[in-house]
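Subsequent text provides C-alpha cells for two forms of one protein chain, presented individually as structure 1 and structure 2.
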Structure 1
Amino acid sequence: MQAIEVNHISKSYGRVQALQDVSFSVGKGEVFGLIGPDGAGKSTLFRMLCTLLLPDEGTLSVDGFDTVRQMKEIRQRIGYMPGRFSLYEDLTVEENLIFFATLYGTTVEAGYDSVRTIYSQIERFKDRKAGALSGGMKQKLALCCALIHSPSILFLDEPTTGVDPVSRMELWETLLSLKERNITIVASTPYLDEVRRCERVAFLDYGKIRGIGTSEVILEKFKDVFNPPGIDKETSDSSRQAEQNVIEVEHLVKAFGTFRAVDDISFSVKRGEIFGFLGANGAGKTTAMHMLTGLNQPTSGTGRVAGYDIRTEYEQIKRHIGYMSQRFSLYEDLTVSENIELFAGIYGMDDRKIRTKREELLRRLKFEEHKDDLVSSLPLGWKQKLAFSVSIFHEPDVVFLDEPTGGVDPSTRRQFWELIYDAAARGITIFVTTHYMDEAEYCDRVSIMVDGKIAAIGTPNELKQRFQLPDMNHVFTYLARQAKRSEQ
C-alpha cells in the first residue's frame, strides 16, 4: 500500500484554477519532493493532504485513509510544518512542545523518544520564548512539535525559508535520519541542494504535474526553470575607486548587556555597488542593518549613510534610503496602485511625479492589467518585485534588502536580480542579505559575519581564492562553522 495517493485532484478559487487533474503516489518511507514556481499550487495541495482544504474533484488518501471522510484518523498520523513556522512565538520552547503534544492527545514524556535527538539540541533554552529564537532553532522546535506524537508521515511546506545554509544542512541531515524509522517525508523547497536530497520529485506548474522522477532527471529536463542562465554583469570596480562612499562604518558595536551582537565592525560601500552582507542566523546581520537604517542606536563606534550620521541624523537617513524586508513592506489589503501611491507619498513625492512614475513602473513590471488587484492576491514573486520597485520609487541613495528572495524559485529570483542590476546601474547602492549563495556570487563585494564580527570581506572571486574553495557556498559554510559563541 502506498503512503499517499492523489487521484485526479482539481481545486479552484473563483476564476483561479489552483490545481488541475493532479495525480501521483508516494511510497512508504520515501523522501518525496514537491517543487515548482510560486503560485504553482504546492501549498494548496499540502493543505488538502493535511485535511485543511477539500478538493473540488478527485480523491486523496493518506496512510490508507480518505482525506474527506476520515480526517480525524489522518490528523493523528501526520506531522505538518508550514512555510511560516507553526509556533506560538509568545510561548516558551517547552510550552510550545507541551501544547502540540496535548493537541495530539499525548504528552511530552510519552513522545520524548521521538524527538530526543533534535530536542536535546535546544532543551537548554526551554524557558525562552519561541519568538526570541534564531531561524535554525525555530526550525528544530517546529520539527519537534510536528514529531511529538510519532507520526508516520511528515509534510514540510518550504520549512527552511529564511534559514542560513549551515542550519538548512543540519535540518536535512535530521530529516534523512527519520528514514530509519520508516517515516514518509513530503517536502517542498526552492533550494536545489535540498531538491537533490529527495528520492523522487514532482514538478508542479500552473496547477498541473509536468513531470515526476528522480531529482536529477527533473532538474535536467526543466533546467530552464530550475537552473536559468546566470546574469552577465560587467564589473565596474575600477570606475568605483574614485567614487564616494555611500556607507562608512568604523568600529561599530551594539551590545545587549554583556552580549555584543555586533562586535567592532568596519567597512565602506561605494555608490552603485552591490554589497552582500552575509552571515548565519544570529551572527549579527539584522542588528547591524537596523543601526544603518536608523532603527537602532549603536553602543559605540561611528557610521554614516548617504552622508548622514547614524547616531544623530537617523531621521534624515530614513528619507534617503529604501528598505525591503523578507516579510515585504506592502499593505496586502491595498491594491497595487494604492501601495505605490501610499509609499510615494510617505517619501514626500508630489502628486504629478507620482502619477507619471507610477505608470512607468506598471509598464516596466507588466502590471498594467493588475494595477487594481489587491496585493494579497498576487503570487509571491510578483509581491517581491513590486516591493523592491516601491522601495526605490523615490530614487534613494541606498536600498537595504533583508533576505528579499526568501522562498522564491530560481527563475523568479533571476528576474528579481535583473531589477537589482538595473537599480545599481542607475547609481543606487544595494545592501543585501541573503541565504542563497548563488546570489552572493552576483554581488560586487561580500562580507561574512561570524560571532558579531566581519570574518571576511572582498569580491566573491577574492574570497574563493583566499580560502581555496570552489564557490561561495563552501566559503560561507567554512567560515560559519568556525563560530564559537552559542545561542545566547
Structure 2
Amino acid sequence: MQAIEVNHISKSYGRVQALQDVSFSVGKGEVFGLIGPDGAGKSTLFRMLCTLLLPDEGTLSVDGFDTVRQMKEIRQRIGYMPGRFSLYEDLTVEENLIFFATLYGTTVEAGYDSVRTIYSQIERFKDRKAGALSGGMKQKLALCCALIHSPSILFLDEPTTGVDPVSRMELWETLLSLKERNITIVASTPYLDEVRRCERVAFLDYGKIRGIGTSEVILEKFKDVFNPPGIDKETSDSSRQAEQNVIEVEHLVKAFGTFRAVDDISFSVKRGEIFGFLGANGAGKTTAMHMLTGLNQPTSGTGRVAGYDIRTEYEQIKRHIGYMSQRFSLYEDLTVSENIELFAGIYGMDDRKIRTKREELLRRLKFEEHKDDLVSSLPLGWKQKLAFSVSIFHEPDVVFLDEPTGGVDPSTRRQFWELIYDAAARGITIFVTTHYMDEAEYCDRVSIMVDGKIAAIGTPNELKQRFQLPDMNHVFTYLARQAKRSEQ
C-alpha cells in the first residue's frame, strides 16, 4: 500500500484554478519533494492532504484513509508544519513545545530524541517568548513542534525559509534519520540542495504537475527553471572601488540587558560595492542593520552611513538610504503604481519626475499590465522585485536588504540579482543579508557574523582561499559551527 495516493484532484478558489488534475503517489518511508514557483498550488495541496481542505474533484488517501470521510484517522497519523509561522508568540519556547506534545498525546521527554538535534540549538532560549525569536529560530521551533510526536507521515510546507545553511543541513540530517523509522516525508522547498536530498520530486507549475521523478532527472529536465545560468560579474571591480567609504563602523555594540546581540563589530563598505552580510540565525545581523538604518540606537561604538553619524544624525541618514525588510514592506492594499508614487513622494521627488521614472520602472520590470493591480494579488517573487525597485527609486547612496529573497524560487532570485547588479552599476551601494550561499558568491565582499562578532571579512575568493574550502557554503558552515553562544 502506498502512503499517499492522489487521484485527479482539482481545486479552484472562485475563478482562480489552484490545482488541476493532479495525480501522484508516495511510497511508505519515502522522502518526497514538492517543488515549483510561488503560487503553483503547493500549499493548497498540503492542506488537502492534511484534511484541511476538500478537493473539488478527485480523491486523496493518506495512509490508506480517505481525506474526506476518514478525517479523524488521518489527523491522528500526520504531522504538519504550515508555510507561515504558526506558533503562539506570547508563549515561551518550552511552553509551545509542551503544548504541542500534549496535543498529540505525547510528552516532551518521550519525543525528545526526534527533535534533539534541532531543539538543542534553541533550548537555551526556552524561557524566551516565541515572538521574540529571530525568524530562523521560530522556524526551528515550529519544526520541533511538528516532529515531537514522531508521526507516520510528515508534511512540511517550506520548512527552511529564513533558516541559515548550517541549521538547514542539520535539519535535513534529522529528517533523513526519521526515514529509518519508516516515516514518510512530503516537503516543499525553494533550495536546490534540499531538493537533491529528496528521493523523488514532483514539479508543480500553475496548478499542474509538470514532471515527477528522481531529483536529478527533474532538475536536469527543467534546468532552465531551477538552475539558471550564473550572472556574469562583468563590471570591472577597479572602477567602482576606488572611491570613499559609504559605511564606516567602529566598535559597534548593542546590548539587551546582559546579552550583547552585536558585540564590537568594525567594518567599512565602499561606494558601489555589493556587500554580503552573512551570519547564522540570531548572530545579530538584523540588529546591526537596524542600527545602521537609524531604527535603533547603538549601546556604544560609532558609525557613519553616507557621511552621517548613526548616533546623532539618523534622520539625515534616512534621506540617503533605501531599506527593504525581512517582512514584505509595501502596502498590500495599494496598487503597484500607488506604492511607487507614495514612496517617491515621501522622499520629496516632484510629480513630473515621479511620472516619467514610474513608467520607466514599470517597463523595465515588465509590470505595465499590472500597474493597477493590488500588491496583495502579486506572487511573492514579484512583490520582492517591486519592493527592491521602490527602495532604490529615489536613488539612495546605500540600500539595505534584509533577506530579500527568502522563499523565492531560483529563476526569480536570479532576476532579482540582475536588478541588484543594475543598481550597483549605477553607483548604489548594496548591503544585503541572505541565507543562500550561491548569492553570497555574487557579492563583491562578504562578512560572516558569528555570535555578534565578525568572524571573517573579504571577497568570496579570498575567504575560500584563506580557509582552503571549495565554496562559500563550506566557509559559512565552517565558521558558523564555531558558535559558542548555544553552549552558554
Partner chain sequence: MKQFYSFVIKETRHILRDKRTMLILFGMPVVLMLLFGFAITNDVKNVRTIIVAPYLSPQAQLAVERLSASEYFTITATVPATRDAEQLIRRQQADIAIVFTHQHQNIQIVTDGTDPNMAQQWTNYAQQVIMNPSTTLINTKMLYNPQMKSAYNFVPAIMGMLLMLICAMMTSISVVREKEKGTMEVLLASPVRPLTVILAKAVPYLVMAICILVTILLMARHVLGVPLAGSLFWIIIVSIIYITLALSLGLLISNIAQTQMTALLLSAMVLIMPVVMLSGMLFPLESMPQVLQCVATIIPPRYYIEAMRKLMIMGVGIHEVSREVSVLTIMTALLLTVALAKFKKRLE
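Since this is a predicted model, take the numbers as computed values, not measurements. Structure 1's sequence is the ruler for residue numbers, which start at 1. Heads up, when I say rigid core I mean the largest set of C-alphas that superpose within 1.5 Å between the two forms.
The second of the two structures is the form predicted together with the partner chain. Core-superposed comparison between structure 1 and structure 2: the C-alpha position of R304 differs by less than 2 Å. T102 is among the residues whose C-alpha shifts by 2 Å or more between structure 1 and structure 2 once the rigid core is aligned. In a rigid-core overlay of the protein, G381 has its C-alpha displaced by under 2 Å between structure 1 and structure 2. Superposed on the rigid core, the forms differ at R128: its CA is offset by 2.5 Å between structure 1 and structure 2.
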